[in-house]
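Quick heads-up: it's one chain on its own, the form predicted on its own, in C-alpha cells.
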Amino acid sequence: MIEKYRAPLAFLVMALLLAIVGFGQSWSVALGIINLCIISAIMALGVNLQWGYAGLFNAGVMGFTALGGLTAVLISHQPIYEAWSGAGSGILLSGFILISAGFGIYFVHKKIEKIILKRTLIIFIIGITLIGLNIFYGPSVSIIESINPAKTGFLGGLGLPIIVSWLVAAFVAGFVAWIIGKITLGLRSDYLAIATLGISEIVIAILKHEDWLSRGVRNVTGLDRPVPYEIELQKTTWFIDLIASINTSKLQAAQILSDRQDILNKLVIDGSSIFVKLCYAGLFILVLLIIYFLSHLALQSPWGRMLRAIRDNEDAASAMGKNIVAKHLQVFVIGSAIIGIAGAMLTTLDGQFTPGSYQPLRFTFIIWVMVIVGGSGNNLGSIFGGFFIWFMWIEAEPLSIAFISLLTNGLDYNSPLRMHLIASAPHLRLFIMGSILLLALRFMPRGVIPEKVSKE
C-alpha cells in the first residue's frame, strides 16, 4: 500500500463502518459512538504526545481522566450552601494546613543540611498536620456528608458553565501531573509505568471514598449541559417545524390526521436525540481539531524534534546539553492536561460523574491499544486508533452475540449449551481487542498510520 494513501483509506473505512451502524442500527446509536470516539481520540492524542514524542510510558491515564471528570463537577454543579455554611470553613482550613505542611516539608528538605535536625522537623510537621486534620477535617466531613445524603452530601461546585471546566481540567490534570512527574520521571520506564498506575489507583480510590468531595459511589447527577435538552426541543415550535419539513413525505403518506400526529411525535422524539448528539459532536470535533492542530505544530517545531531525539537516544541528547528530565516533565504535563480535558468532556457527555466507572487496568489498556494500532508518533494515527478501537469495543458485544447466535442456530432454543454461550458472548470483546492488537503488531508493527520519518 502506498504510504500517502494510508490515512485517507483508513478514515474512509472508519466512515463506512459508522455509516453501516447508522443504516443498520440507528443514527442515534452511530452519533453516540462518534461522540465517544472523539473523546477517545483526544485521550489517544495525549498519550501519543507522551509516548510517541518522548517515549514516556504513562499507565495512569484513568487517573487524569477522573481528575478531569471531578473538575467538571466542581466547576458546574451548584454549590450546596448548607454544607458550606456548616463545614466549609473547616474544609478550607484543612486544605490550608495540608498546603502549609507541604511547603514546610519542602523548605526543611531543601534548606536544612543536618540529617537529624531535618528528620526531626519533618516528623514534627507531620505530627502537627495530623493533629490539625483530626481537629478540623474529620468533624467537617461528618457534617457535610450528613446534609441530605440522598441528594447531595457534598460541597457541590461553583455553578459555572460546564464548558469552562474543560479548560480548568487541563490546568488541574497538568498540575497533578507536574507533582507526579517531579517524583517519578527520574525512574526507569518500567518503574514509571508502575508508579503512574499506582498513583492513578490512589486518585480514583480517593474519589470513590471522599463523599464530601465527589459523593463517592453514589455519583453526581444532573450536571449542566452545553447543549439543549431533548424534552425542551420536543416542545419548541421551530424544532417541530424543522422535523416536519424534513419528513414531509412520511407525514403526507399518513391518511388519518391522528396517525400523522403520532408519526410526527415519534419523529420529533427521535430527532431531538439526534440533534443533541450532533451538537455534542460539533463541540467535541472543534476541541479535537484545536488539539490536533497544536500537537501538529509542536511535532514540527524544534521542541518536537528535540523530544524525538531524546526519545531515540537519551545519552546522545544528554551529551549535547539537553535537560532530559525537564523536557520529559514538560511533555508529561501537556499530555496529561489533554487527557484531563477529555475526562471533563466525558463527564459533560454523560451528564454525571461516576467514580466507580473509572477502571485503570481495563480502560488504560484500551487507550494504549488505540495509540499502538493507530500509529505511535503520528497524530492522525492516534485519532484513527481512537475511532477504530472504541468503535470495535462498542460493537464487539452485539457482533459477538450475533456470531454465537448464528453458531448455535441448530441447537434447541432452551439448550443449556446455547444459553451458556449466549451469556458468555459479551466477554468475547476482550478476545477481539487482544486479537486486533496481535494482528496489528504482526502485520503493521508501526501502526495503521505510522510515524513519518523526516529525510531532512
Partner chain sequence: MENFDILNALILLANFVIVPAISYGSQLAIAALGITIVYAVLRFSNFAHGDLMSFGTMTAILFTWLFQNLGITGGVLPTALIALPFAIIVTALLCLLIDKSVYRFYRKQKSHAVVFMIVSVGVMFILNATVRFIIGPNDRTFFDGEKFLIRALDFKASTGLEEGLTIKSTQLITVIVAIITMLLLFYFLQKTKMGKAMRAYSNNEDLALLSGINPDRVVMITWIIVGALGTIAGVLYGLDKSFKPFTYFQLLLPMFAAAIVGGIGNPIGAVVGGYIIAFSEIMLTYAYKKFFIYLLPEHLEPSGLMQFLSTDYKFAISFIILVIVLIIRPTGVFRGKTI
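In this text, the rigid core denotes the largest set of C-alpha atoms whose superposition between the two forms falls within 1.5 Å. Numbering follows the first chain given and starts at 1. As the structure is a prediction and not an experimental result, all values here were calculated from the model.
FYI, the form predicted together with its partner chain isn't displayed, but the following is about it.
Using a 4.5 Å cutoff between non-hydrogen atoms, residue 404 counts as a contact of its partner chain in the model of the complex.
In the model of the complex, at least one heavy atom of residue 435 sits within 4.5 Å of its partner chain.
By the criterion of a heavy atom within 4.5 Å, residue 210 is counted among the residues contacting its partner chain in the model of the complex. Although the partner is absent here, residue 191 sits close enough that one of its heavy atoms falls within 4.5 Å of its partner chain in the model of the complex. Taken together, the three residues 99, 101 and 172 lack any non-hydrogen atom within 4.5 angstroms of its partner chain in the model of the complex. Of the residues given (305, 119, 250, 110), 119 alone sits with a heavy atom within 4.5 Å of its partner chain in the model of the complex.
Contact with its partner chain in the model of the complex, judged by any heavy atom within 4.5 Å, is made by just one of 341, 383, 372, 72: 372. Partner proximity in the model of the complex, defined as non-hydrogen atoms within 4.5 angstroms of its partner chain, places exactly one of 341-349, 277-285, 156-164, 191-199 at the interface: 191-199. Contacts with its partner chain in the model of the complex, taken as any heavy atom within 4.5 Å, map within 123-158 to 126, 130. Here residue 28 does not count as shifted, since its C-alpha moves by less than 2 Å between the shown form and the other one after the core is aligned. With the core held fixed between the shown form and the other one, residue 13 has its Cα displaced by under 2 Å. Relative to the superposed rigid core, residue 392 undergoes a CA displacement smaller than 2 Å between the shown form and the other one.
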